[in-house]
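This document starts with one chain, in the form predicted alone, laid out as structure tokens.
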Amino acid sequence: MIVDINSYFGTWPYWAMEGTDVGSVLRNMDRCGIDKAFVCSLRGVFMDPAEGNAETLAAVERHADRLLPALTYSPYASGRDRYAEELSACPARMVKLFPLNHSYDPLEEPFIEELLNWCGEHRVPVLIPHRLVMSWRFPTFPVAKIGALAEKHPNATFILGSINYLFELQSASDVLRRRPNTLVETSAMMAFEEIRKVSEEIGAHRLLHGSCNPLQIPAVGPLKVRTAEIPEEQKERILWRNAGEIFDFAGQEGIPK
């Protein structure tokens, strides 16, 4: 069983990229043995969060057995007032915030504070990418600010997204040690034996499998976990069991207890 916590679909605006439609994402999942994925429309990341959320919800409705919604909201975009209605209608869901793309500081925005308070109350995890995709060309959102949000909202669960190695892993590890309401996903963990080291230092129960499908080669995501020199029980936790617990969907259709 594999759950992908960090996946996308839609038009990629930076360079030519094939295979970003929903059908291709599902075929990638089949090839890589990924059973379920939280998906987010790239339209919501780059252009219009409301239209992007509508695309995400439509894709999830068409493929309810495979896809789960990761919805995004911006204090400056239409549709932000529908967050409670949209998220309450989904049994397993995530909020994904893109402060760099949507041009705001989440520590200074009253709407984001309201949204995060609601997520904490209703057990909706929040993923904030350090960078959108593992490329040094992309700007990064400070990991310490994600930690500050986790400290400010202790009832909410925060997922650190797209963390690579060296200083950013150092910062992420510091946040994980200080804030028990934080986890990290694995899509950008590129260092040698990084999965093993983080599992030993922080704990496998704080890691979630991510692939960044289709913006990165999705087969690498499960492979990094499968080949890590950690116990099989820890691999199982990272690949799906941790997700099943924080999203409370263990025992639902297609998800073991």
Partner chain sequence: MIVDCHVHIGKAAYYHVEADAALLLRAADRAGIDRMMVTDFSALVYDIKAGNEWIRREVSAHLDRFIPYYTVCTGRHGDWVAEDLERYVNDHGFRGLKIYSVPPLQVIDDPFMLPLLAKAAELRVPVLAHSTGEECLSLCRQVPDLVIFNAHMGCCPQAQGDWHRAVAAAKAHPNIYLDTTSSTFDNGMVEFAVREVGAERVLYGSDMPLLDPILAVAKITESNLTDREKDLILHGNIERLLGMRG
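The shown structure was predicted, so the numbers you read here are calculated from the model rather than taken from an experiment. Positions refer to the first chain, counted from 1.
The following text describes the form predicted in complex with the partner chain, which does not appear among the structures shown.
Novice: Taking any heavy atom pair closer than or equal to 4.5 Å as contact, tell me whether Glu229 reaches the partner chain in the predicted bound form.
Specialist: Yes, Glu229 lies within 4.5 Å of the partner chain in the predicted bound form.
Novice: Is it the case that Pro214, even though its partner is missing from this view, gets within 4.5 Å of the partner chain in the predicted bound form, heavy atoms only?
Specialist: Looking in the predicted bound form, residue contacts with the partner chain include Pro214, since a heavy atom lies within 4.5 Å.
Novice: Applying a 4.5 Å heavy atom distance criterion, does Val198 contact the partner chain in the predicted bound form?
Specialist: Result no; Val198 lies far from the partner chain in the predicted bound form.
Novice: In the predicted bound form, does Asp30 have a heavy atom within 4.5 Å of the partner chain?
Specialist: No - in the predicted bound form, heavy atoms of Asp30 and the partner chain never come within 4.5 Å of each other.
Novice: Which of these stretches, 202 to 210, 217 to 225, 49 to 57, 35 to 43, has heavy atoms within 4.5 Å of the partner chain in the predicted bound form?
Specialist: Result for this chain: 217 to 225.
Novice: Find the only residue in Val133, Ala77, Val175, Ile112 having a heavy atom within 4.5 Å of the partner chain in the predicted bound form.
Specialist: Of the listed residues, the single hit is Val133.
Novice: Scan Ser171, Thr157, Asn101, Asn164 and let me know which has any heavy atom within 4.5 Å of the partner chain in the predicted bound form.
Specialist: Contact residue from the list: Asn164.
Novice: Which residues within 171 to 208 place at least one heavy atom within 4.5 Å of the partner chain in the predicted bound form?
Specialist: If the 4.5 Å heavy-atom criterion is applied to the partner chain in the predicted bound form, 171 to 208 yields Met189, Met190, Ala191, Phe192, Glu193.
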